[in-house]
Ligand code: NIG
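Quick setup: one chain, the form predicted on its own, written in structure tokens, and binding and motion questions come after.
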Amino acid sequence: MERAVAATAVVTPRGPGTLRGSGAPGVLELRPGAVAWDEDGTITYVGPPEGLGVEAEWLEGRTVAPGFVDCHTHLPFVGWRADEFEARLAGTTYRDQAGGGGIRRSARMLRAASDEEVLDFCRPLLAEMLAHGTTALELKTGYGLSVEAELRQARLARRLASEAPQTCVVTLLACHAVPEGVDRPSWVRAACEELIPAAAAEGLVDAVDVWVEDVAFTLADLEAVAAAAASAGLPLRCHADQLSPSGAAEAAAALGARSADHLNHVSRQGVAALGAGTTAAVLMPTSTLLLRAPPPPVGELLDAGALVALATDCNPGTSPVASMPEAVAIGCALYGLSPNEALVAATANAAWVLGLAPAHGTLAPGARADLVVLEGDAFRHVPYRPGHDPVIRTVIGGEVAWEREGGC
């Protein structure tokens, strides 16, 4: 039996999630609009309410949009690092914290916790994401810092994915930091020759990631990881140009990476490469804000025709944020994205980054009925009120997965 909702506004990106450049021609807005889906949770209709063949729930003054897709998080992890944020406010830099703090500190906390302690820490975060409208997301390793510990973190990610109502994709952040007591070339060899093949053989991960930075890994390491990922049949992603210019964005584009993420210090050559290639520019505005970093040249990326996506970068060190509406709000205020550009970046394009398009990230016949009911009569209300959760209802696969008390 089909079900349907009709609302003051229905907004959705057009197309399969490869919407590029600036402006809003890639957004369909129906005023009023309706969405219907079948008993399997597949959308059967998007259009004016009068075109529905079934009775719809009417949502006056509400906006229906695709569920948010968070394409860059560092779950699973355990423990927070609020003291490091306080220290940065007092003048300590992230590089100053890279020794005993930062990634290695999270690795120690993960190592000291049992599997159930890690899962118990992460479950409320997934619930928070759900309440803020996230219907699909990335889980990522990178806090293991040994072959077996990275595999353990990937297994924990798969366990979380099996429990979560959201669709979850797991990324192996094979090169996040150099483990203590190991030199960088030795760890890169272990990652490429042992870790990536083992994770692929066990079916634990869906992509491979590497952080290129002066405190992390080099362009040559990126090439080595790319080759190992390709041999394992896994797409490549890259943390690029976050703390300093490294040429990682253009290198990632040349390697055909699925995404280059952060980009606070991307070069003009990197902007051009992302505009011309298929590698998405994944932006994390809350990380930029909390690190007090310079924003990436978002206008230049859009003008170059880049495929831009938004994510929370949810992690305990530099972006302890689980809300995609917050990422949208900060993305608009700090980066100058229009509400419709942010909508595309937080849904269709983010789904493409995770390999989930076109089933996720859009409202279209044949897509999965993942949607959110939002306060207000237009999507612009989401970035208009930073810190306020505009989500009233989260629907996944056609079923209500979360609803605010009192409903719509």
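We number the residues from 1 along the sequence you see. Only a predicted model underlies this, so the values are computations on that prediction, with no experimental measurement involved.
Not on display, but discussed next: the form predicted in complex with N-(iminomethyl)-L-glutamic acid (NIG).
Comment: N-(iminomethyl)-L-glutamic acid (NIG) is not present in this chain, but in the model of the complex one of L145, A154, I103, A228 has a heavy atom within 4.5 Å of it, namely I103. This chain is drawn without N-(iminomethyl)-L-glutamic acid (NIG); in the model of the complex, the residue among R81, H265, R108, R158 with a heavy atom within 4.5 Å of it is R81.
Residues H72, Q242 and S287 are all found to lie within 4.5 Å of N-(iminomethyl)-L-glutamic acid (NIG) in the model of the complex, as judged by heavy atom distances.
In plain terms, the part of the chain that comes close to N-(iminomethyl)-L-glutamic acid (NIG) in the model of the complex, with a heavy atom within 4.5 Å, is 308 to 316 out of 228 to 236, 308 to 316, 128 to 136, 112 to 120.
Of the heavy atoms in W187, none are within 4.5 Å of N-(iminomethyl)-L-glutamic acid (NIG) in the model of the complex. Shown alone here, R258 lies farther than 4.5 Å from N-(iminomethyl)-L-glutamic acid (NIG) in the model of the complex, counting heavy atoms only. Using a 4.5 angstroms threshold between heavy atoms, Y335 stays clear of N-(iminomethyl)-L-glutamic acid (NIG) in the model of the complex. For Y94, a non-hydrogen atom is located within 4.5 Å of N-(iminomethyl)-L-glutamic acid (NIG) in the model of the complex, even though that partner is not displayed.
Of the residues in 157 to 181, only H176 comes within 4.5 Å of N-(iminomethyl)-L-glutamic acid (NIG) in the model of the complex through at least one heavy atom.
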